[in-house]
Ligand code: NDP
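Next comes just one chain, in structure tokens: the form predicted on its own.
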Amino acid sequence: MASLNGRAALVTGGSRGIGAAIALRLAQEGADVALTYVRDEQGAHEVVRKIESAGRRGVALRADAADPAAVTAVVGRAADELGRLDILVNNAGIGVLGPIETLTLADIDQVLAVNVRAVFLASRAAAGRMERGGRIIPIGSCMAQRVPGPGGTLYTTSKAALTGLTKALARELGSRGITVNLVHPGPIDTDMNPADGPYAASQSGLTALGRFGTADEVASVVAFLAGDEAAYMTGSEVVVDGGHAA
């Protein structure tokens, strides 16, 4: 039996990679799913087609996570389109890597806007539309728990900020029956970071399992956190990193 029947979810950055896998898994578990995209409209509508093939309702909504008004508005649009909102997965994110001396003010503003501010704003908007049993699930990074080398200062700062946000939101929303749990993926095989890419061997070597993970492996953990079996989990950091932080 599908564990999320009758529920509605919004997955930000859901047109490809981890976000697409999460959107599809939530649909397979019975949820109707809205997803956001910025440029990849074709990819977003392909994910919606697969959601509908699973017998659920899918909606693709364009929203730039760097635009605060768009972030807030798209949460309301998703809730209106689907008739309710039970699950928010804050997956949209960007990475700007390089020596700290080379990072510009524009780089800093963009990364923090997308990776931190957008998560804050979307979570605030979603909390206003959720009833008891709501789930907010930010997607972090293994870099927030272990930084294996130089060049990741800005990205790591943005993802580490989600730990504080998750714990504080869990305290703030707990009395309303809304849980907040953070998922830290490790090296995951996606089109942006393929398992056969130029940096793959070094990343795999940092894990205890010696391999990349799959987007489906992350999605399965998100689906668990979105369901009833995780009702007593909140304020947690759940690591799906193959032992990257071990």
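Residue positions are given as counts along the sequence shown, with the first one as 1. Given the structure is predicted, the values throughout are model-derived calculations rather than measurements.
Only in words, not in the display: the form predicted in complex with the named molecule, which the text now covers.
None of 74 to 82, 91 to 99, 145 to 153, 167 to 175 except one has non-hydrogen atoms within 4.5 angstroms of the named molecule in the model of the complex; the exception is 91 to 99. Shown alone here, Asn193 lies within 4.5 Å of the named molecule in the model of the complex, counting heavy atoms only. In the model of the complex, no heavy atom of Arg49 sits within 4.5 Å of the named molecule. With a 4.5 Å cutoff on heavy atoms, Ile139 counts as touching the named molecule in the model of the complex. Taking non-hydrogen atoms only, Met130 never approaches the named molecule to within 4.5 angstroms in the model of the complex. Of the candidates Leu182, Ile188, Ala34, Ala31, Ile188 is the one whose heavy atoms come within 4.5 Å of the named molecule in the model of the complex; the others do not.
Checking Ala66, Ala54, Ala200, Leu209 for any heavy atom within 4.5 Å of the named molecule in the model of the complex turns up a single hit: Ala66. Contacts of stretch 95 to 123 with the named molecule in the model of the complex, defined by any heavy atom lying within 4.5 Å, are made by Val114 alone.
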